[in-house]
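As structure tokens, one chain now follows by itself in the form predicted on its own.
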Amino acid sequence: MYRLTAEQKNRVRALLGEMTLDEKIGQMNQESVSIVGGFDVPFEELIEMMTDGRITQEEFEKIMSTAQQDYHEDDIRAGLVGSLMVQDPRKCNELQKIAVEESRLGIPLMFGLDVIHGYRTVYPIAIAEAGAFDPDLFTRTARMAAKESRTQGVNWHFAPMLDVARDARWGRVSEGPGEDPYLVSQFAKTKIKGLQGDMSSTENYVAACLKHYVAYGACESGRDYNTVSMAPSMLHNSYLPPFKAAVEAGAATVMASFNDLNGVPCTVNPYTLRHILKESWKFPGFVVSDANAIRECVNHGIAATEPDAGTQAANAGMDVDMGTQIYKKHLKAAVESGEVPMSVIDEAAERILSVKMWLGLFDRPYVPEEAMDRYEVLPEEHRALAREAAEKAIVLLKNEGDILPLKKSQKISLVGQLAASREEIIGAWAMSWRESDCVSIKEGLERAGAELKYFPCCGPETEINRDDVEAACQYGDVIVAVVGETDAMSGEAASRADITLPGRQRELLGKLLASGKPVVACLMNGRPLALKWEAEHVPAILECWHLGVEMGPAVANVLLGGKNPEGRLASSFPAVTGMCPIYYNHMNTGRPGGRSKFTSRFMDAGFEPLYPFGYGLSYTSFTYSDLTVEDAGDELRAAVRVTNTGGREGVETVQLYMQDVTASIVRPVKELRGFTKVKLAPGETKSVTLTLKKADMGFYNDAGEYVTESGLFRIHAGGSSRDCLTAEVTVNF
């Protein structure tokens, strides 16, 4: 974990004593590779022109063919750059050589990148992987990503993304581990362990960066970059815990979020950055802004000018400016005028140098030549891990009539343009993969020996080919329809006001169902979808998400029964879009949702999610019995018997929830407080015990104070947040 030896600390302080003000500010300046020449408008505007359709992709590429890349070599030489975003190991070494051998003090660069769910070997998007409920898996996939990226010069991951997200309209829900603070916190701790834990060699670890700090996942109406307003108790109980858990696990860096929080952008927020993170939590690493975020404080209206924004950000505790050059251009004048104390600059520079020292960059700044091509071909052990993660992430939502698993003797009509796509299986925010490494669902089924014919029919953005539909209905004994979103329909800047199946895919399903053949819907998507119609009409539904390079073999293995599905939902699915935001751990009201009209519900949609947090079926079945709760002093011990009542071996995720029935502020109806996975043979019963520390049964009040209050608690154990046994216990603290 991130921790310096006494010798390393002394080296950092000695170096700090030699640095000029310009060189200290240079460490606080992160540059992106600039695109220069060949066009008459700023590069940012050129991107907007392509995005909003004023120029085509082809026109953009033609313009870019005359452009050049500026890596800021002169500024590196002058000690005015602390970090860059580059992923070419030879270019990294070239730039590092300038920093180490040609700058006055020889301070190495850091190279950062958004490595959200894999580097060369892409594994499932976070909302899918979290549904595996497997902390060991989370660690292993992060460790794999760290090893791969470090051989390419990338020693700083802008990950893990720890935004608790409860509104499926928000595109970036795909990048995070879901709606529950406890599960996200477990994800956080284990990802830090995977990214930073193996320090046996500098080739095995990177600096993690926790993002987006904080409450970005609560953006109003699910619209990206939007405002956030919430009570302090909500902030401390629901949105801060994953970041606190990751800081306690030893995370090296943090990225502030774009949004304002109660009127103050997180980029310039002294309460979140300095008071909570650095003073209360004693976070020893450094904080980086999100891209362009300091400049955007002028748009927010909290800063009058860019220099004003830079001054506010530095004083609030923002150590690194990502991409605006505001620190580089204006921070020295702010120090000389007294607006920014010199102590702020010294603290930031020391934090940055310390992370570089911990990464081993002062002693081993270069990527070894022999390591650069290590992952040109993906190792089978990496592919196997990606396949394991993909299989564990798949969630069986419905299986009426036991249509699944399919038999290899059945003829399969495979339908949907997504089924044959390699590039669409990757998901949002994956930057270093190759299409040749990706295995589509069609290829996965073919490799598994399934008897199938493929009919594109339609996709999320295309019309229905009626001839394809007719042929598909005639050929197969069963129809497998791969429907959902393209990867561009989720992720950053991909909020959707309507989260039903896009395009004409629902109409396609209706035409397939009209054939009378069994239909299986395989969903490929980056967010929970509103599936009321599909749940009512389609007999079998498999949530497959965007699963990475091994998606095809994973989906095929589940469809054909080689793998019994064990994935669970890390986020609730609404019946209709208008139910958003919807999440299981909501507060109670004076009129809790019910069948009566005068309760907290929608007249036309009810009040419960279609598929709740923690939900997931199996090809076997499980029952729970005999829940008991024992007060064991400092902890409660909940024991429950779980029986496999079906005909094949399966894995059940046993979940423990609690409710503080009466408290000084209203508490959630349920809160996840533990989980474990148990493998059971047909007919087998096991007693499962989960412990709950009493110290973890408290909450933060609106003064930001953590309190425990004696009283009645309900303890729930079961297979999802909705399907639980319940026991009551009075707890005295």
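Numbering starts at 1 and follows the sequence shown. Because the structure is a prediction, the values reported are computed rather than measured.
The discussion below concerns the form predicted together with 1-deoxynojirimycin, not included here.
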If contact means a heavy atom within 4.5 Å, which one of 547-555, 204-212, 294-302, 138-146 is the stretch that engages 1-deoxynojirimycin in the predicted complex? 204-212
In the predicted complex, is there a heavy atom of 1-deoxynojirimycin that lies within 4.5 Å of any heavy atom of Glu492, even though the partner is absent here? yes
With a 4.5 Å heavy atom cut-off, would you call Arg527 a contact of 1-deoxynojirimycin in the predicted complex? no
Considering non-hydrogen atoms and a 4.5 Å limit, does 1-deoxynojirimycin approach Tyr182 in the predicted complex? no
Distance check, Asp114 to 1-deoxynojirimycin in the predicted complex, heavy atom within 4.5 Å: yes
Partner-contacting position among Tyr583, Tyr619, Tyr239, Phe258 - heavy atom within 4.5 Å of 1-deoxynojirimycin in the predicted complex: Phe258
Let me know the one among Phe158, Tyr615, Tyr454, Trp433 whose heavy atoms come within 4.5 Å of 1-deoxynojirimycin in the predicted complex, would you? Phe158
Let me test this: is every residue among Asp290, Met322 and Trp429 within 4.5 Å of 1-deoxynojirimycin in the predicted complex, going by heavy atom positions? yes
Within 701-733, the residues having any heavy atom within 4.5 Å of 1-deoxynojirimycin in the predicted complex are none
